[in-house]
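Presented as structure tokens, the chain that follows is alone, the form predicted alone.
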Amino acid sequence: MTAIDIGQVRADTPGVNHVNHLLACGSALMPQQVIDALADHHRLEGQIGGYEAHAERLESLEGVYDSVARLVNASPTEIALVENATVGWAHAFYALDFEPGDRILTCEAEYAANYVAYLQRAKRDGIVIDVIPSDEAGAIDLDAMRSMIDTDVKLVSITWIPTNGGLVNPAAEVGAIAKEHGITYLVDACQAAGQTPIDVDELQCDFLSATGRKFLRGPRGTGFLYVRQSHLDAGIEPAIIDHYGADWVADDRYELRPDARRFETWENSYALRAGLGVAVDYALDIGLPAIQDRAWGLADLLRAKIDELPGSTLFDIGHTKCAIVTFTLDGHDPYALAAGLREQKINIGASDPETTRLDTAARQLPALNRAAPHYFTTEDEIDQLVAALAKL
């Protein structure tokens, strides 16, 4: 474990007084500072009006771009703020031009929201979806990936940390291979943001999408998209634009914004943005290496304790395991189990096999329970969950 001031962190987190929340992979408990930012902006809108509140808080709201840029080691001009990770991911994916026969390489643990988009463009544009095999530990097989590359491969698109299975894919190594061959690289960092350091230059990615509500501890309805400056300079065009993403400069002509905000639209919730900015700053102040160390250490502790329970089966894979722990308990439906624990004020989740259909088929997975401790979790709360499972 690390030197995070757990007492202060928990004092900043009112939710820990009401529930043992072990579902940071779903929607984590917000710090009071984030809650206050949301309420304060809504209050100001009620007092002076929405447009006026935006104008009064413009400097701090613009600062959210700076905060997110620091989080991923990018320039603020490379950041778009969006409603959620899927919106950000889709903005990037649907901005890419493909011709019939172009190939996409993805991973076995790819998330359903992304894969159905691949299928749509396969149907509409004639692209080919190729899945990189997993290695013996369940992570992307880098040698297999190298062997699959040819001139038809136009995109590598992977989920860095999948929704279940504890897996951390080798995103930086994948990026190095893509870069070597001049292939565009899109990273789904939905589960990574807030639990592990992110450096887009180390990843060598062209696009990266993430959410605010999970390990970043931000509000629901927030997310961001990173777009590498070279793509902006080359004129990448969003699939959908409005008069915020582009200026109507003549009756028959528009000009895209020079920055990543071309992927945004004019209307949004500035209260949610204010909350996202505070959440990002909170994580940065603690430090992502310290957050990762503690959260992943607590997950390892939980795995060890669950493994000792009669009838338990762990399903986590990978050379490196993250803060998401997946398991089943013999004789207990995962959804009913999660609902029963919720009545005891212990929050864990259940994962449907269809969310990672390829991984499910490859590993013959059932529906799973998933628990995700975070740095505000205590060892006593881990023990509370294990004791509750033992009584079932």
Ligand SMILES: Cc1ncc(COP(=O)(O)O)c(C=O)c1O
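This structure is a prediction, so every number in the text was calculated from the model and none was measured. Just count from 1 along the sequence shown to find any residue number.
What comes next is about the form predicted together with this ligand, which is not displayed.
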Q) Which listed residue (Cys190, Leu167, Leu276, Cys107) meets the criterion of a heavy atom within 4.5 Å of this ligand in the predicted bound form? A) Cys190
Q.
Please identify the residue among Ala85, Ala283, Leu96, Ile79 with any heavy atom within 4.5 Å of this ligand in the predicted bound form.
A. Ala85
(Q) Considering non-hydrogen atoms and a 4.5 Å limit, does this ligand approach Arg262 in the predicted bound form? (A) no
Q. Taking heavy atoms and a 4.5 Å cut-off, does Ser157 contact this ligand in the predicted bound form?
A. no
Q: Answer yes if any heavy atom of Ala92 is within 4.5 Å of a heavy atom of this ligand in the predicted bound form; otherwise answer no.
A: no
Q) Should Arg217 be classed as touching this ligand in the predicted bound form when contacts are defined as heavy atoms within 4.5 Å? A) no
(Q) Only one of 289-297, 208-216, 125-133, 240-248 has heavy atoms within 4.5 Å of this ligand in the predicted bound form; I'd like to know which. (A) 208-216
Q. Since the partner is left out here, which residues of 105-122 would have a heavy atom within 4.5 Å of this ligand in the predicted bound form?
A. Tyr111
